[in-house]
Structures are given as C-alpha cells and as structure tokens.
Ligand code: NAD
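Shown next as structure tokens: one chain only, the form predicted on its own.
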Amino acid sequence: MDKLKVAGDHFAKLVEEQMNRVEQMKQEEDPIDFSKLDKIIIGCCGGDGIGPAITEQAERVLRAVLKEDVEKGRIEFRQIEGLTIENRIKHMQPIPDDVLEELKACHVILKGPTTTPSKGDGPNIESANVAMRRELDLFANVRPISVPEMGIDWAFFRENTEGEYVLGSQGIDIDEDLSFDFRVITTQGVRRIARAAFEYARANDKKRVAIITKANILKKTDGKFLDICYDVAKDYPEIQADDWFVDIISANLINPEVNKDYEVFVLPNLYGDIITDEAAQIQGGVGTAGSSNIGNRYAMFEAIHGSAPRMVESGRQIYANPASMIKASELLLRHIGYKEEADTVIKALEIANKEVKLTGRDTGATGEEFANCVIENL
C-alpha cells in the first residue's frame, strides 16, 4: 500500500500542476505585433557542443542582412551565455534562473543546440528545449520542408508544450519491476496549435491539413487531439482536413506516389519530433532544416539537430555545417516582419549549398567559409 500511496501522491501533484497550467492558458495574451515595436531585441544563445560555432555564423548572416536597422537602433542583438550542459549541471536546472531572466528580456531568440544527458550519462536534468518551450510558452513548433524537384512543400505544426515531453522527466519507478511515464493533452493546448496550422494554411493558400495521431490506441489523449482538430477545422470550410495514423504517415512521406499531395500537418509533440526528422532527411538531412518555436509573447529559432559532442571532442566544430542555423535565422526574419530579407537569405543559402562543400572534417570547408559565401551573395 505504501507504493500505491507514493504513486497516487506523485500523480496527484502532476494533475494539480497541469490543471494550473490550463487556467494560465485560458488567460493567455494576444500575439505581439512587431510592427508596433520601437526596438526588436534578438537574443543569441549558442548552447553547447557545436552550438556556439554554428550560431555565431548564423548571427553573422543576420547582422549582415539587418545592418541598416542595427545602425538605426531598430534591431538590438544580445549575447546570452550560460546554457551549456556544464552550467546547467552546476545549477541542477534545465535553464539557470539568471539565463532565463536574460531570455525573457528578448523578443526573439536564435538558439544553438543544447545537450540533454541520457539515462546513465549524467544527472536527470530536463531538456533545455523542453524547459524553454514551457517557460516561454512556445506552443507551436513549425518546421518547413521543401524539395521542389520532388514537388514537396510541407509545413509541420508540432504541438510544443504537451504530450510526453512536458512530463518526460517526471515519471516514477514504482519498484524495480514497474515504471511509469506520463503524457498530457489539454483542450486549450490542442485548440491553439490546430488554429495555428489552419491559419497558416489559409494565409498561404494551402488546401489540405493532415491531422496525425495514434488515436486507435491512445484513445483518451490522441482521441482528444483528433476531435478538437476536427472541431477547429469547421471554421475553415475551404480547407480539407483528414487524419492519419503516425505509422502510416511515416511510410507515406517516403512514397513518391502520394507524398507530394500533403501540405500542412498538425501533430502531438512526440510524433512531430520524429516525423519532422524523417522529413528533413528527405530534404537532405537534419543539418538542412531550421525550426520555429512560436508563442504569443516570445519566439525561439533553432536547428532541429543535436549538439554533436563527438565533433567537439575531436576538435572539428569549426567544420560543422551552419546551414540549419542560417535557415533558422531566415525563419526568425519572417517572424519579425522582414520577409524580403528572409527571401534574400534563402537565395544566398541555396547558392552556398551548391558552391561550398562541407564534410564535417578538414576535407571540406569550415562553417565560417560557408557563412562567408552566404553573406557575399546577400
């Protein structure tokens, strides 16, 4: 009975926390209007591993394309240190308090990859990404994938603050034979990610939104996700909404007979993480894909790949490919209203991808040389 009480108390605490989160979501503020700001503050946070190396190159591209507005005081860049795995372990926090305060003083954040220890590799510290998405309420993880020669133009809207990840470090070992992890889905969380996906589809003349679940198995949580997405779809009668199980969609993405028919996807957190990596591989690898993390007040832009500690251990970080972070900077530009500048970055990035050979080793170019090519072609 002691085990049951401990488990019950543990679960009750999680339920209470999530109920409080629901009440906070009911009071959420309207999205920020960047056109009305006198100054936009961009925080640059290198993270760890190869993060500082590739973030530095993406920041150089941003500074080049925003040079005039930086000089006018319209744009301000701030460096944010302390999100390294060493500092997070030192404070035993996914984001140390002083670092979080600095992040909250910015409007948008360009963030390099961060390391999360796996079980057995170090302390049980929550992912900095998960913590940042929660603390800044970055509920929409938007990942575009484009392969024109294959007719592919996808936009993935991954719910960012729920599912397995928000409670991923709060599971419980009942005894040596029994362990539980938890997932959570809320009406408010699903409604806002679904609306973001359908609004994007409407604004970009997309005609189809695919809802991805495993609702035949996870009937409560994925069932709720599916039902609410279809409810939101009623407000967008010009857009076709259909649903797919996550295993089937993972097969369809690599099926040239059908993959070009998809346009916009809306997914719970875990499925979105996995499927967007598969989609990035179709585009050319996870190193080619940037990612937006959007909330009403804050936004964070990053690569979708990890911190590649082995590259650092062998002294190869200068050869890390910054294309994903430059792609993230392009998404940042669009978010703050600099569409023409974003288009310029994309064109310059396409040239660099063709002209500069990156191998991750001294057999190819450095990340700085790659970024130089992008800047020269802006």
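In this text, residue numbers run from 1 along the sequence as written. Source: prediction; values computed, not measured.
FYI, the form predicted in complex with the ligand isn't displayed, but the following is about it.
Taken together, the three residues 53, 315 and 367 all stay farther than 4.5 Å from the ligand in the predicted complex, as judged by their closest heavy atom. Looking at 213-221, 303-311, 102-110, 198-206, the stretch with residues near the ligand in the predicted complex, meaning non-hydrogen atoms within 4.5 angstroms, turns out to be 303-311. The partner is absent here, but in the predicted complex a heavy atom of 116, alone among 116, 170, 186, 252, sits within 4.5 Å of the ligand. Comment: the ligand is not present in this chain, but in the predicted complex one of 129, 84, 269, 276 has a heavy atom within 4.5 Å of it, namely 129. In the predicted complex, residue 328 stays away from the ligand, with no heavy atom inside 4.5 Å.
A residue is said to contact a partner when one of its heavy atoms sits within 4.5 Å of a partner heavy atom; residue 321 meets this definition for the ligand in the predicted complex. In the predicted complex, at least one heavy atom of residue 286 sits within 4.5 Å of a heavy atom of the ligand.
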